[in-house]
Ligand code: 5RP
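Taking the form predicted alone, here's one chain by itself in structure tokens.
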Amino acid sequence: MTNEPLSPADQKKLAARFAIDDLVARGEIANGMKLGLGTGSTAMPAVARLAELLRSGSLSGIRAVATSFQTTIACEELGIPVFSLNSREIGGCLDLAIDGADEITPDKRLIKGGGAALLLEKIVAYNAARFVIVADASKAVPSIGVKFPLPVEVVAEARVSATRSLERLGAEVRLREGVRKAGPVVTDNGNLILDCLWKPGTAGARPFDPDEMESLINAVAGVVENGLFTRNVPAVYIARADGSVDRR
């Protein structure tokens, strides 16, 4: 425990380092494993801790698959070997994937993609035998889809048609605009991001169901992927302001 409340940034670091050390201690990260490494402000401390363990000799032979340019560059700078999911060394499947999340429900449904890396994040997460999420306390919410915008990655030509289809599913839709860049965000895959919110009472007679909505959105022509993660339920490490870490 700490005397001073931890900031959200410090909670992220705590959750990431605690999770890596706990997973190593449990034998869930071991020498020679194939690991998927996530993107964003919580995943980066996990990548850094993994690199520390490799440098110290506590781990060896780790083969990583990165979910973004950000993570690839970090792995290269930290000396973590990076491979494609398609490479012979990986063979299209992973032992474990570690990532952050933007929102987490009590039954461990997720929204991810605030950093616009959702496509590779989902490919990695859904091809991992085990999936682990690290987060600060603000990410734990009672329900998703109504406060943090759900990112939907679309090909550019489907921007208007996909927007209309998403609106028919009850969403308020906005094209994500770049920061320090004129125009929209363009993903690592060359696509656009539509940010969607389901305000209470606007999704028709049905309540927002993440499991159902993940499939409905991906059935829209021109949608590449969406940020609902429901099909590989993760273990979750949540750090709190008092310095404790909950493992779900």
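Because the structure is a prediction, the values reported are computed rather than measured. In this text, residue numbers run from 1 along the sequence as written.
Form predicted in complex with ribulose-5-phosphate: not shown, discussed below.
Participant: Lys139 versus ribulose-5-phosphate, in the predicted bound form: is there a non-hydrogen atom within 4.5 Å?
Facilitator: Output for Lys139 is yes: heavy atoms within 4.5 Å of ribulose-5-phosphate.
Participant: Should Val152 be classed as touching ribulose-5-phosphate in the predicted bound form when contacts are defined as heavy atoms within 4.5 Å?
Facilitator: Taking the distances in the predicted bound form, the answer for Val152 is no, it never comes within 4.5 Å of ribulose-5-phosphate.
Participant: Using the partner position in the predicted bound form, report whether Ala116 sits within 4.5 Å of ribulose-5-phosphate, counting heavy atoms only.
Facilitator: Yes, Ala116 is a contact residue.
Participant: So in the predicted bound form, is ribulose-5-phosphate close enough to Leu110 to count as touching (4.5 Å, heavy atoms)?
Facilitator: Answer no; every heavy atom of Leu110 is more than 4.5 Å from ribulose-5-phosphate in the predicted bound form.
Participant: Quick check for you: of 57-65, 180-188, 34-42, 213-221, which stretch puts a non-hydrogen atom within 4.5 Å of ribulose-5-phosphate in the predicted bound form?
Facilitator: Contact criterion met by 34-42 only.
Participant: Counting only non-hydrogen atoms and a 4.5 Å cut-off, give the residues of 87-114 close to ribulose-5-phosphate in the predicted bound form.
Facilitator: If the 4.5 Å heavy-atom criterion is applied to ribulose-5-phosphate in the predicted bound form, 87-114 yields Asp99, Gly100, Ala101, Asp102, Lys112, Gly113, Gly114.
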